[in-house]
Each structure stands twice: as C-alpha cells, then as structure tokens.
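Only one chain is included here, represented as structure tokens and corresponding to the form predicted alone.
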Amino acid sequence: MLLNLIETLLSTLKDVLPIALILFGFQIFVIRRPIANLKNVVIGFVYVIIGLTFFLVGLEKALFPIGRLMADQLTSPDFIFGDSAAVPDVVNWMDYYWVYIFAFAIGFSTTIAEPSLMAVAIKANDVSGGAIGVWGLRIAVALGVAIGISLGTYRIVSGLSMHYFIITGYIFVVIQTFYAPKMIVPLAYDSGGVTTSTVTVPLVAALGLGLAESVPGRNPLLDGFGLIAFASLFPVMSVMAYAQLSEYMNKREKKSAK
C-alpha cells in the first residue's frame, strides 16, 4: 500500500508539474509580473497533489473493483437467466432490466462525484452571480449521463446501430441550441466533456464491455465501446432542458405575480 501510494504520488506530481510550469512560465516570462500570493499558490498546489493522490488510490482500491464486479455479475447469464445453459438465441431486451437500472444509478452517482463537474459548477455559479445553481447544474448533468448510459446499455442489448441514437441526439441538441437561453448554451456543451473524467470512464467502459461479452451475438469491440459517447451527449440536452424549464418557471411566476 505504501509503495502504491508513493508511485501514485510521483505519477500525480508528474502530471501536475507541466501545468505548474506553463502557468508560472507564462506569468514570469510572458506577462512579466510577480505571482500574487505565491505562498498560498504553492500550498494550494501541494494540497492538490496530495488530494489527487489519495483520491486516485481510493478509486483504484475500492470503487473500481466494486464497479467492475457489479458489472460482471449483473451482465452474467447466470444472474439474468438463472442457468447459463438456458441462454436463448434471440435476446429479449426486457430480460436485462436490472442492467438498465444499474446503468442509470452508476451514471448518476459517478457524475455527482466527478471533481471536474464540481469545479465547473462552482465556477459557473460564481461567474453567473448565483443565477446558475451549483447543485442544479450537477443534478442536470448527472441525469443526462444516467439516461444516456441506460439508453446505451439498451442499444448494446438490442443490437441497434449507434448511428441512429447519436444522429438523433445531435439533431435534438441543434434544435435546443436555438431555443435554450443563450447564457447556458456554451456551458451545456462543456458539461458533456466534464463527464469523461476520472470516475465515470472506467466504470462505464467496464459495464459496456461486460455487457457486450455476455449478450449473445455481440462484439465487445463494436458494441462494448460507445457508452462514453452517450454519457457525453445527453448531458448537453439535459443542461439546456434544465435552463429552459427554469426560464419557463420564472416566466410563469412573473405572470402569476401580476
């Protein structure tokens, strides 16, 4: 454990060091101004490195093994059909309802726990002067990821082509872009990217690969991957829908006040 902690610390330091060099380099050689609150900045970097180290070790030792185990067990024919020898040749998508429920739950919970989403939500709240709620944005993104991953697991089970889902999804995104509040549109597009981070990707990828390996007639390479695309697309729609709903509720309150 100690060796693993030291290795993770060195790896984290290696990842963070280039960022620090770029920031300090531009500040000193390009902007040519002293770094404000240098002591606090250095202490902050130390906190980030230590925090990321413990966070990554915790994920590796606890969350990832449990997530992979749950994905393997839920997608196992023994669990779904009771007897692996009785696996039907024609797959009925309704037999995998526990997989859809687990996909929704794991998508929502991992997204809520994403450090990158927390950072974006806090910054959006600060920049908007409180107009964009931290928890409102996090829940909207988490719901989008949960729905997207559930739909992605259904696609794997049903064997439908990914093209139909992705193209249809982006058509909805384009239409929403014209009608959503302009302030929220750039944030909505960025929200899809923050979900493909430390916590979500390994668990979602494990779920997709495990499901594709257990469903008869599915190819893990062709069908197992692609869940991350769903996890990135649907938060864009859910965040814009959240903003549209909030705008509608505000207009309704103003009308009722009159």
Partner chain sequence: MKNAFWALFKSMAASLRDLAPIIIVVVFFQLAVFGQPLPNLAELLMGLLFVVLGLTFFIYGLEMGLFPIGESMAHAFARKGSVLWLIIFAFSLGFGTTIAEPALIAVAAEAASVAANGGVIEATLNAKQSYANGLRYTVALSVGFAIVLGVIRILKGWSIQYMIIGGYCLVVLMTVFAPKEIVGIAYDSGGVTTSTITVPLVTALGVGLASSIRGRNPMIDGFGLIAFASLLPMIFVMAYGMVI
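Here the structure is a predicted model, which means the values were calculated and not measured. Positions refer to the first chain, counted from 1.
In what follows, reference is made to the form predicted together with the partner chain, a form of this protein that is not presented.
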Though only this chain appears here, would residue 10 touch the partner chain in the model of the complex if you measure heavy atom gaps against 4.5 Å? no
Would residue 160 count as touching the partner chain in the model of the complex under a 4.5 Å heavy atom rule? no
Heavy atom of residue 151 within 4.5 Å of the partner chain in the model of the complex: no
Residue contact check: residue 22 to the partner chain in the model of the complex, 4.5 Å heavy atom: yes
Would the partner chain be touched by all three of 147, 206 and 215 in the model of the complex, meaning a heavy atom each within 4.5 Å? no
Where, within 118 to 134, is there a heavy atom within 4.5 Å of the partner chain in the model of the complex? Residue list please. 118, 119, 120, 122, 123, 124, 127, 128, 132
